[in-house]
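Shown below, as structure tokens, is a lone chain in the form predicted on its own; questions about how it binds or moves come after it.
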């Protein structure tokens, strides 16, 4: 059994980790922490767990708690993971669901997150946790930087096209997310009366996921990639749908472009490339670990790519468990949800 600890268990990603890990046949959840709700039984904090567990949420003490587990999931606010990692490293692997180890360029990280990075050496050691691309590195990693939700929905469909240099390195991505992407702490922007019946773009040209996307796409292309990324807030709880606009050579057909993506992900259990003429919808991925992709050529050189994920599953906790499976030699399909929450 893989002994698991979950730090930050009462956030949306932490609760999703508990949901997934509780059904995983190879996992034993040893502890779950919460600064705000320590000492409270999980079933009293979240009644969905009534009658299922007697686990009590604990105050984090990583010096001692890391000794009890094989891997620690960190579902913590940006900047906090840096304080936890040094205590965990001697004893357990780390899968960080925050942003502290995703961006290799520390100046860029500090600019976008407004934080001084305390562990530059660990950043260089961290493996970006997109399994379909970095599987071999993930197998031997000590620390895995779980990708952001928006980046997952954009990098997966674009990676094989940029790797084969079949599209121009100037890209536009419009992404629409449910409100859970903003985290559990309520704000004026995200409370019910502000989002219900509305739809808006936000943080245009300055979203924190922009440099993460750009760094990974440039690595795939082997040169600089420019991306205009605009996130939007949907009045729904969960899910991301990204509409991506790219340019290809006029001689490249729709079927040829589709085949490059389909061939790249043909054996990937959690990526579904739709037949030509079909496009993803959020209702077909919610609650699952799938990333769905569709494509259309709209004129001589322009292509539209549509992808859909559940931001809490493939965009966060499901991908984290997929990384854990690879890290410990377990089939990466094990324990992960393939059924969707439909209707």
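Quick caveat: nothing in here was measured; it's all calculated off a predicted structure. Residue numbers count along the first chain shown, from 1.
Below, we turn to the form predicted together with another copy of the chain, even though it does not appear here.
For the options 91, 118, 191, 137, the residue carrying a heavy atom within 4.5 angstroms of another copy of the chain in the predicted complex is 191. The closest non-hydrogen atom of residue 31 lies beyond 4.5 Å of another copy of the chain in the predicted complex.
Taking the partner from elsewhere, residue 204 is found to have a heavy atom lying within 4.5 Å of another copy of the chain in the predicted complex. Although the partner is absent from this view, residue 163 stays clear of another copy of the chain in the predicted complex, with no non-hydrogen atom inside 4.5 angstroms.
In the predicted complex, another copy of the chain sits within 4.5 Å of a heavy atom of residue 238.
Only one of 120 to 128, 141 to 149, 183 to 191, 154 to 162 places residue heavy atoms within 4.5 angstroms of another copy of the chain in the predicted complex, namely 183 to 191. With respect to another copy of the chain in the predicted complex, the three residues 70, 79 and 329 uniformly fall beyond 4.5 angstroms at the level of their nearest heavy atom. Although another copy of the chain is not shown here, in the predicted complex the stretch 27 to 43 places heavy atoms of just one residue, 37, within 4.5 Å of it.
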